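Quick setup: one chain, the form predicted alone, written in structure tokens, and binding and motion questions come after.
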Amino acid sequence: MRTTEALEDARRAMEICNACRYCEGFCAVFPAMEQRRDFTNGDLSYLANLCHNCRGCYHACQYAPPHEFGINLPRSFAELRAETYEEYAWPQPVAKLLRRNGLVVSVVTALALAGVLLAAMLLRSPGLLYGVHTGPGAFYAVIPHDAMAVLGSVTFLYALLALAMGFANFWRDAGARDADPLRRRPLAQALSDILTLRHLGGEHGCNDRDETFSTVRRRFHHALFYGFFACFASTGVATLYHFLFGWEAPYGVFSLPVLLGTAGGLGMVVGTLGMLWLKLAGDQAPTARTLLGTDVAFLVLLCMTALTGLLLLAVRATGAMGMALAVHLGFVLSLFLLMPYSKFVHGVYRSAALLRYALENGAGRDSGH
């Protein structure tokens, strides 16, 4: 991790926090901090990604602004996290996509939408594109299954490879290269922390909008998190149906792929809209305003991916199905392409930080919540 102004600001804050230790029971960051006398660049990268931005330490800190020390750990770590996303991205020549990310998301999404729509209009006659198609294989009358499968597989597998390389880069730089990430109990503890968001405000919640505690952010985050994976499971089940049993989409309203996709899509819409509301209406003092465009762009992309999927379900037996399918596939393609170069990567690095924390502290050790 290169030394930057944001990293030096985080180091200054950690040195003051390590002398004070008033917040030692607040979250996993502080027990991890107390194990160090000096903070290497890799340590600060690890601690920044271990922070869940619950803001409890900001409101409790006696050295927060207007004190002359001006300690604002949530904002300092948010700025440093953004730099780690670019530092560990793979391949490095395209890591700059993480800068001005709102613009990048907009351009890539527009290009993906235009590409899919143009291909559908050029390769399919108006009768097929705007016609009513029902029954098994109806989608493929508009866009061939092989084209969807190849395009989706190539972009998704590339995203997985890039995210895995980013995880490896973080793991080496954060000083965990000699640790065994597959030790059973720490791995189980880290998975539990990831799935339950244990460190996102503990039992009392976060300071979502001001000094009062609330679990609203945790609920919206869970809706988005589990909604995304329900949609992913829906696609996986549909793929098995097609290749193992020869059952072609679209499937019945009460089939497993449609039930999972509908529940997941609704969860993603509720989660993204709720997170957007909190970002725009919450207290801006402990946030990094320079990152607002990146966060909003990615949440809007997730929301539109889910909304167009639900729209496709609603109009699939009408003449609007062809255009709805092309638009939805454009958003899905854009999402896959941008996964390694958008806010999506925070899930990868935070998961790695939680695993390192579990390895450092021993599985199941209470962190203070």
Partner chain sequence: MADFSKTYDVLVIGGGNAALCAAISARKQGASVLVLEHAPRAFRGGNSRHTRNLRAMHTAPTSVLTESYGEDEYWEDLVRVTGGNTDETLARMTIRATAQVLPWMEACGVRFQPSLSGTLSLSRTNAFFLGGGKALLNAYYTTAERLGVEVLYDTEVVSLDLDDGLVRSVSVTSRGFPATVRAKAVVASSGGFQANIGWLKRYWGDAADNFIIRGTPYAKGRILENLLAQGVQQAGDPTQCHAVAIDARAPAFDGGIVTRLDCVPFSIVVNRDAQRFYDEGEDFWPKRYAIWGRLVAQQPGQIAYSIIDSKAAHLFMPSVFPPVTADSIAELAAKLGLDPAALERTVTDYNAAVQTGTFDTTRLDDCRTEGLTPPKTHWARTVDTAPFTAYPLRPGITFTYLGVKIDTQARVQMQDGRPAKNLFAAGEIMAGNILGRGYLAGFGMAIGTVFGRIAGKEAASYAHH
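Just so it is clear, the structure is predicted and the values come from calculations on it, not from any experiment. Residue numbers count along the first chain shown, from 1.
Heads up, the form predicted in complex with its partner chain isn't pictured, but that's what we're talking about next.
In the model of the complex, no residue of the candidate spot (R2, A6 and D9) has a heavy atom lying within 4.5 Å of its partner chain. Contact annotation: of the candidates V300, L307, A32, A64, the single residue with a non-hydrogen atom within 4.5 angstroms of its partner chain in the model of the complex is A64. Of the candidates G115, G274, G152, G205, G205 is the one whose heavy atoms come within 4.5 Å of its partner chain in the model of the complex; the others do not. Although the partner is absent from this view, R316 stays clear of its partner chain in the model of the complex, with no non-hydrogen atom inside 4.5 angstroms.
Though the partner is left out of this view, N18 does reach within 4.5 Å of its partner chain in the model of the complex, counting heavy atoms only. Although the partner is absent here, T212 is a contact residue: one of its heavy atoms lies within 4.5 angstroms of its partner chain in the model of the complex. In the model of the complex, none of the heavy atoms of G347 sits within 4.5 Å of a heavy atom of its partner chain. Looking at 42-50, 334-342, 321-329, 66-74, the stretch with residues near its partner chain in the model of the complex, meaning non-hydrogen atoms within 4.5 angstroms, turns out to be 66-74. In the model of the complex, its partner chain lies beyond 4.5 angstroms of every heavy atom of every residue of 139-159.
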